[in-house]
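Single chain ahead, by itself, as structure tokens, in the form predicted alone.
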């Protein structure tokens, strides 16, 4: 019996859960969902019905259910329907589809709603304009790929909570409306109506509150924390994001690793990936030396090596000048690069310059033994061979060399190895390389501001054995900080925190934060440290980024239900948006026209 009335057929099974067991018993079922596709073969009508569990085929035969068949003639894609019918074996089996061996012979259809405004097909194969997809996100989220992504996100969160619960962590929420304590990015500010001229800030992280929880005696805390940063965006950044935030009292870095590793392993297991623990560890200095970055991708070679001993004093002015000024000559070997075209060599040179190098010197070693290079005349054939060998190039390979300051060479070669690996497909898609990067500098010099700044944040503890050098040799002080890296992406960062007021005040002074400013911004923290703060440390894992990597998404937008664009706009709701003048007046605010 067909019906346009709002009578609701009560679902008994999900579309994607209908199986051969149901067909064997000729079981009667009720499914509900959206019409994914409709095919009219004249006498028979086939509907593919979709819900969150998957899709199943429905057959409407006028000889057995004439009213249902009549209704199906007026059904369109994305209409919301209910179907009552019998599960039977499918004649034209589709073995590639989870429900491809069964179908439902419909006896009744209820049409619950007509889809009159669907801006694009709900199909993973359909490439719709991204702006349209974000503006109609409620339709975009019907796509099977995004449905799977958000369901996987739920499974990863469930796995993480299970591990932390088993390890004795307590989930505690910290405030969203707090005070502005800039940690490197701009704060989102919220004006107060009841305190005119004063502002809350949305938290960039729960950093200070989780430290206060340690002082309060909650020795194992975690939360899925919502964080906000008003910064320039990229594919892996959003103005609001989620991190798995945890803190432990009386912890060493190794003890934090001992929590984070089973946590990440459990999430990877949800997508069928097993990893071995404990994870390898690498110092910041080694990471920069070998990979040119503090988040090394170790799935492929192209490691950076020193070519200075092979080229020093051979009369090539570019190399000699760099070495004389205290710089380096370093490079990478590109397997098979000996046959690279001039166009490709020019592209590699351009990439190096984009990354900050003044130029790139290439040396090709052909399979037959011949050597070619723009520096061949200055280096000589023996010098060119020695330079290529120094960076690991063999016959048929290319050596790519950069000369200049240590930081410039590292940055350029680190970026170059990643672009070449992507171009040549050197990083295995099915490999998951995790490692800890540790022993970071505590401070780094900011030439623009002409002052020392924190490499992580101002609350990171120095290595205690380095503390006496804080005032005299700040560049030599290492931090008790650590990052967790997966396939060249930082997925977590943390540290042991400063738990003594005198040490925190010394670090503030090294950062140019005087006593008055420290009291105004962080007085509550300093007083808490004086109240008997235990040694403590923790880590924050980027949950959106982990989810995106594990589902194979190019952007974290694909694992966030309602994301912003790269300009921090919500196309769905039209935010940010103007507000009524009365609302501004209530807040004691007025807008001034820009010059």
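Worth saying up front: this structure is predicted, and the values here are computed from it rather than measured. Residue numbers count along the first chain shown, from 1.
Note that the form predicted in complex with a small molecule isn't included here; everything after this is about it.
The chain is drawn here without the small molecule; in the predicted complex, the stretch among 453-461, 276-284, 126-134, 295-303 whose residues come within 4.5 Å of it by any heavy atom is 453-461. Of the residues given (540, 553, 49, 533), 540 alone sits with a heavy atom within 4.5 Å of the small molecule in the predicted complex.
Residue-level contacts in the predicted complex: of 205, 86, 180, 152, one residue has a heavy atom within 4.5 Å of the small molecule, and it is 205. For the chain shown alone, residue 497 is a contact residue for the small molecule in the predicted complex, at least one non-hydrogen atom being within 4.5 angstroms. Within 4.5 Å of any heavy atom of the small molecule in the predicted complex lies no heavy atom of residue 103. The shortest heavy atom separation between residue 243 and the small molecule in the predicted complex is within 4.5 Å. Using a 4.5 angstroms threshold between heavy atoms, residue 330 stays clear of the small molecule in the predicted complex.
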